[in-house]
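As a starting point, one isolated chain is supplied in structure tokens, in the form predicted on its own.
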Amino acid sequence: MKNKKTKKLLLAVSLILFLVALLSGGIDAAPKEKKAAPKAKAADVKAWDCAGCHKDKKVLPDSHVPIKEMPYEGCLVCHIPGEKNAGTLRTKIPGSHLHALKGVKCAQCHGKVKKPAPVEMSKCVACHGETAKLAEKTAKVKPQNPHESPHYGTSADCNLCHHQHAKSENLCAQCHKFDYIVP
């Protein structure tokens, strides 16, 4: 019997606290209606339209030149290696951004799908060339050619290091002290 009285008392106190909060403006009686902003599909966003994907998140410094409708070649006027230059874009933005700036559309790699899946290595080599040829280009990289691994040869999947929608990583650095810059 005592348990029922305690439950009723707690219910009454909760109701009183709710009413006090409601009358004092601490709780809205009716939820405010939120208008959903039209959601742009990433495939429809222009490469220079940062807000198309990043919304209100600031991605460029205030001092950056306007980039609206700037082609990739325009970026390279400032983004070149060198002490007094802005430096290469290769490690400053994800690979997907570089592809977009160069005019490569999402569907060219992902196909026309509702939910894009990771791109298979065959798509990478279709444009960037066979991995054996790439290993020839990086043959003089020290201490070890990143494209000719003693573990994988030249067949390591590009996606192990080169991420398109996230920061790329140096897979070798998980076990070795190789300081590769991975675009």
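Just so we're on the same page, rigid core means the largest C-alpha set that superposes within 1.5 Å between forms. Since we're looking at a predicted model, the values are computed, not measured. One-based numbering along the sequence shown.
The protein also exists as the form predicted in complex with a small molecule; that form is not presented, and the subsequent description refers to it.
- Heavy atoms of K137 reach within 4.5 Å of the small molecule in the predicted bound form, making it an interface residue.
- At the 4.5 Å threshold, heavy atoms of K102 reach the small molecule in the predicted bound form.
- Interface residue remark: H176 is counted as part of the site for the small molecule in the predicted bound form, having a heavy atom within 4.5 Å.
- Taking non-hydrogen atoms only, H128 approaches the small molecule to within 4.5 angstroms in the predicted bound form.
- Positional change of V141 between the shown form and the other one reaches 2 Å or more at the C-alpha, relative to the superposed core.
- Annotation: Cα of A51 displaced by at least 2 Å between the shown form and the other one, core superposition.
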